[in-house]
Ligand SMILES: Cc1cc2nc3c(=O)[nH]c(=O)nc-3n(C[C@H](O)[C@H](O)[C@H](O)COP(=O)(O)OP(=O)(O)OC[C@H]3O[C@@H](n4cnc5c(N)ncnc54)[C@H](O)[C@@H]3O)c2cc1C
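To begin, one chain is listed below as structure tokens, in the form predicted alone.
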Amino acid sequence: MLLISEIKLNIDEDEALLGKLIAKKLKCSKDDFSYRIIRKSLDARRELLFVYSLTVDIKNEEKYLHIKNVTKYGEPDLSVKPVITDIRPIIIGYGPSGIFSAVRLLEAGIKPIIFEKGKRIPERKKDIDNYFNNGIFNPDSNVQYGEGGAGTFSDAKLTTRVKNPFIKYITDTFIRFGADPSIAYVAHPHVGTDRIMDVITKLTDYLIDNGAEFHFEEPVRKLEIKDNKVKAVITDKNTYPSDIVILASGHSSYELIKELYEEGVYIEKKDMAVGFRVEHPQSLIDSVQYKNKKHPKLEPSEYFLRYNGDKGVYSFCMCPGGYVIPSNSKCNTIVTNGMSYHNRDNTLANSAILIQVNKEEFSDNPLGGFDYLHNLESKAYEISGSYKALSQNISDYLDNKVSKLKFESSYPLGTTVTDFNSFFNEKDNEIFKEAINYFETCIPGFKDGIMVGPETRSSSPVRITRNENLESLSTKGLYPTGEGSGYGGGIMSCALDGIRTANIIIEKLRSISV
């Protein structure tokens, strides 16, 4: 198979022309080959062009390798041979890490048992809608807890800078269960909150039909550990024996992490980040990113911003045409996040703006970062007096004043205008302002947006340290995995970590079964 790169189409041209362009490049007939798009990106520097990389299946490949931008292409074999075993690993948590651990284990014929604190998506969505529309919060079923994890309600962005052959495995799995095939090749793939719910539901049904055992609405309370080895997981309903436990409980599972720490599982604190969401008219972002070019084929544009001051400040989880949403997992706290539907057709864009919080900034207790975050989330609720998020004009924040918002936030519960200068500490405010002034040079008009916050769940403040076999340093058979355990940040990196853990366990069980 060949890889051909740098095939370009004007934005007005039809993709059906790709075959003709390939035939012209290879000097052959269109009937001589088949092709598949593996990468599509937009070049808006001068005229609007789509740039493609394609795989081409054609005979006598060697005779084309002298042509510019034509190389050999081969995909690694990621299939896994079945393992004969009756051992059933337990997975705690059913976000991206838990999902793809389960998918990979089942592919090897290993039938996992999965525990998830929250509900399945149809019932979970009812609870979330009730919160968004009526302000009635359910601490056991919300944006953080439930089938699919937090990623189900944050756009299902699949962007990653990681180069890994299992990236295609992940996107192909999503496509297999109903995601748009374009996520396999567009530069900034996303599924959309409205569609990922159906994808995850079908994927769960597939796992159940093939032997995976699910326990929704049954949170794990503690582990049974003897002689530094995990022996079972304990819920309110029962004790479930297993000496292989994948801990994929997510970054909001404070109660379980605290219990593990008290049981002697080795945990260390790590750096994290906090901040707020910014909202701007999507038209402003498009005009800057596309240099005032307009075309119906242009997708709502994104941005990534970074400022390196005394501490780093950066944009995160940018949601074109999206919404800022309530994402708390405890009563009487405020947490914001962002999400978009598949069409990204809201008039506002939003993104987190986060500042690094060094682990030295909170207590020496390994769990001190959780207290740091909870204090911010509770403080926001106390200021607001409700679940309305805190808000301020960015320009007012820079000028240390408070006035009416320039436009209404997309946050469904409404906002309380306040001064973020009194919310964050003096040093962080200084660095945030330096960063915002720099971002204004990158995106003119950035200062004319609004702030909504706080944003506190971008990463876990702990790491459950593991060895080269991905087991806990202190507890044999416990596999800390994904964002909540301190590994990964976002759907793709967490899914990759789940696959990596599953592959280790598969080979372990294979060696036992021989």
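Numbers follow the displayed sequence, beginning with 1. Predicted model, so just to flag it, every value in this text is computed and none were measured.
One more form of this protein exists, namely the form predicted in complex with the ligand; it is left out here, but the text below deals with it.
Peer 1: Give a yes or no on whether every one of Gly151, Ala156 and Ser253 sits within 4.5 angstroms of the ligand in the predicted bound form by heavy atom.
Peer 2: Yes, each of Gly151, Ala156 and Ser253 comes within 4.5 Å of the ligand in the predicted bound form.
Peer 1: Of the options Ile92, Ile110, Val278, Ile200, which one has a non-hydrogen atom that comes within 4.5 Å of the ligand in the predicted bound form?
Peer 2: By the 4.5 Å heavy-atom cutoff, the listed residue in contact is Ile92.
Peer 1: Using a 4.5 angstroms cut-off on non-hydrogen atoms, would Gly338 count as touching the ligand in the predicted bound form?
Peer 2: Yes, Gly338 lies within 4.5 Å of the ligand in the predicted bound form.
Peer 1: Is Phe432 part of the interface with the ligand in the predicted bound form - any heavy atom within 4.5 Å?
Peer 2: Output for Phe432 is no: heavy atoms all beyond 4.5 Å of the ligand.
Peer 1: Check Cys494 for me: does it contact the ligand in the predicted bound form (non-hydrogen atoms, 4.5 angstroms)?
Peer 2: Contact with the ligand, yes.
Peer 1: Report whether the minimum heavy atom distance between Pro320 and the ligand in the predicted bound form is within 4.5 Å.
Peer 2: Looking in the predicted bound form, residue contacts with the ligand do not include Pro320, since no heavy atom lies within 4.5 Å.
Peer 1: Have a look at 322 to 330, 358 to 366, 293 to 301, 381 to 389 and name the one stretch with heavy atoms inside 4.5 Å of the ligand in the predicted bound form.
Peer 2: Correct option: 322 to 330.
Peer 1: Between 105 to 136 and the ligand in the predicted bound form, list the residues on our side with a heavy atom within 4.5 Å.
Peer 2: Heavy-atom contacts to the ligand in the predicted bound form: Phe115, Glu116, Lys117, Gly118.
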